[in-house]
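This text opens with one protein chain seen in two forms, each one given by itself as C-alpha cells under the names structure 1 and structure 2.
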Structure 1
C-alpha cells in the first residue's frame, strides 16, 4: 500500500462501480489511480433482482461482462500494487457463485500474466448448522417475518450469511492481492480497509453506505465510479469523472435509497446512526460529511435464504375489441371463472393446486387494485399465468385453457372473437418460481464463526506447475 497521507489516517478507496459486471470505466479507474488509493473495492451482489440468483447460484450479470470489468480492475490493481476487494461475488455470494468468480479471475490473471494471491471468504451455511443455531435460540426474525422453523430452513436451496468487515481485514493482514467475498453487506467490503487503518467507525460505515452504489450518489449516475476518503472524524466523496459532481443533496439523499430507515443502518457488530451527520461542500464536486456515529452492538449476521417453488407457464393476448375494453374487470372475472372450471373439468384430480392468474396490462396488472373512474384504454395485453407443481402440469393447464383464452366472448352467447396472440406456440414455459424465505439474524460468538477463508496463491500454483 502507498505511504500514509499527511493526516495519517485518511484511507482512500477507489469504488469503480456499484456492482462488478455493470461496466467499469477504464478512463475513470485511471483517474482514480492518480489519486493514490489504498484499495480498490466494490460489491458484486444484491437481492434486488429476486430470489432466483441465490436459489440457483447463478449470477445475474454475464460472464463476459464480469470478465471485462475484472480485466480493467486487475490490471489497475497490479499496476498500483494495491488490493482489490470484491464482496458478494456472483450476485448471491453463495459458494458456487464465488467459485464461478474465481474461475474468471484465474482466466484474467493468465491473460494478464499475473499471479496474485487470492483470499476467498465463503459465507454459505449448511441448513443443519442453521437449524442447530435456531434450536439454541440464536436465530431471530426481523419484521415482518415470523420466528424460524425447520420447514422454513428446508425450503431454502442456499443459505448465506452477510459477512462484516473483519474477514476482509484479516485477509488484508494476510497480504491478499485480491479478496473475493461470499455474501457481504454492501458497506463492509468498502469500509474494511479504512477500519483496518484506524479510521473512525462512524465515517467508515457511513462513507461506505454512500459509496456502495458507485455513481448513484452523484449527479450523473451513468458515470459509475467514486473516490471515498475516510478519516478519523469525517469522510469525503467525489466522482471519478472530472465532469461529474457530488452535491450535498446527492450524497445525503443516498441514505434513503433502497433503505427502510434513512437514519439508522444495522451492520454486523453495530448500527450506523446518521441523525447528526452534517454535509458540507469541499469544492463544486466533493462533499465532506462529519458527525456520523457507529454504536457497537452484539455481533449478529443477517441471513438470506432462497429456494425454488412451483413452475409457471404463461400466455399473452392483445385485445383491442371495444366491447371487452368497456368492461375489463367484468370480462377478466368471467374469463377467470371459466378457465378455472375448464381446468378442473378437463384435468380432474391433476387440477388440484393449479393456480390461474390473469393480469390485464394497460389496465391494472401492475398495481392489482380497482381502477378509478377512467375512459377505457385503446388496448390491453392480457397475461395468463398457470402455476403448478411441475412444468409439465403448468403447460398442460395452459394448453387446456388455450382455446378459451383465445376466444372468450365479451358477452355470453355472442359470436366468438379471436384475440391477438403474439407468438406461436402460444404458451411459454417460464420456469420455476423462486422465493426468499429468510429474513433473520444469527448471533455469533465471533465475526469469523460463519466464514471459511481459503487462500489461492497463483504464484505458488505457477511455480508448482513449472
Structure 2
C-alpha cells in the first residue's frame, strides 16, 4: 500500500486498468479495495486507433469485454460504497458512445441487483456552435493543422470537446455513484476526486498523468492496476499486484508517453510543470513524487472532429522470389507505374481521383523510408490499396489491377510469375476511410460551457415501475 504522504490529507484512487474493456483483474481490484480507496477511476477512450471510432460513434473494444470489466468494477464499487468514474466512454466519447456505455451499465446493474445514481457528462458539440466560436476567433489550430473554416467543420460527422476535471467534481458533489463521461482528457477523470478533496493541483495532475494508463507506469504492464495516493505536496504510486513494481524510471518516464514535452503537459485551465519534480523510492514497489507544479492559464478545451472520406479496396500477396527481393524498391516502383497506367487506360475518366498505393511489409511499409544496405528479406507481403470516391470504383480499380498485381515480372521481358495470395476472392472491400478534421482548442467562459449533464437514478426508475 502506498504510505500516507508526509503532508497529511491524501486521496486514494484505484486505477484498475489503462482503459475500460482492456481487461480488469478481479484479484487486483480486490487488493485495491483493501487499501480503502476513495474512488475507482479510469479512462475508456483514445484517438490512438484513428478517426473511425469518432466518425462512426462505434467503440473500439467489444461490448462483451466492456461488460465484463463493468461487472467487476460495479460490484467492487457497491461493496466499497465509493464512486466509479469513467472518462471518454465508448472510445470516442461522443454522445452515441456514451449512451452505448450507459446501456451496458443498465444491463450490469440489473444483473447485480443494483440501482446506482448515474451522472452522464455529454461533450459532443453542435457544428453550428463551433462555427460561431470560430467566427469570433475563439478556435485556434494545434500544429500541424491549419486555421479552421466552415468547410472543415461541416466535414465532421461528430465533434467532441475534451472535458477537464470540473464536471466530474460537480457530479461527485451531486452524490453520483457512477459518472460516465464523454470525451475527457485522460488525466482529468483521475485528478477530479483529489482536486475536490483539496489535493495540490501539481501532484493531482502529475499523479493522474502517471496513472492514466494503469500498469504502463510499472515494470510489468500486463498487470493493469495501480493505486494512486495524492496529497497536498506529493503523490505516491504502486502497483496493485504484489508481483509488480513501480520504479523511479518507470514512473518518471511516463511524462514522455504521448506528450511532445517531457516536462510540461497542457490541460484545461493550465499547464502541468514537472521540471522540478523529484522521484524517490519509498520501498521496492512504491515511488513518491514531489515538486510538481500546475500553472493556471485561461481555460480552453481541445476539439476533436472526424468524418467519412473515400473508400478503399485491398489485395495482398506474399512474395519469396529472389529476383524481386534483390530489388524490392525498383520492383515496387515499376509495378506501381504499371498499375496506375493500366487503371488510366482501362477506366478512362473514371480513373480521375483514384489512388493506388503499394506497401511492402517486411521492407519499409511501416517507416516509409529507404532501407539501409542490408541483406534482402526471405519474403515480403505486398499490400495493394485502391482509394476512390465510392466502394464500387475502388473495387473496379482493384479488379483492373488484379492480373498485373499477381503476375508482374521481376524484370521486363521475363516470364510471368504467380505470387502467393492468401484470400479468394482476392479483393477485400475495406469500406469507408475516416479522417480527423479538427485538432484545435476552443476558448470557453467556464469549464461547464460545453458540457451537458444528465442524471439517471436507477432507484427512481425502479420505484416508478413498481
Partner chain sequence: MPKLAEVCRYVRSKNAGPFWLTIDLFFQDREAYQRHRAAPALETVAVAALYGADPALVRRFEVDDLCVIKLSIPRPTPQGGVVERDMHGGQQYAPLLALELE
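In this text, all values refer to a predicted model and were calculated from it rather than measured experimentally. So that the term is clear: the rigid core is the largest set of C-alpha atoms that superpose within 1.5 Å between two forms. Residue numbers count along the first chain shown, from 1.
The form predicted in complex with the partner chain appears here as structure 1; structure 2 is the other form of the chain. Put the two forms on the same core and the Cα of residue 113 is off by less than 2 Å between the two structures. When the rigid core is held fixed, the Cα atom of residue 363 travels 2 angstroms or more between the two structures. Core-aligned CA deviation for residue 221 between the two structures: less than 2 Å.
On the core-superposed pair, the CA position of residue 379 changes by 2.5 Å between the two structures.
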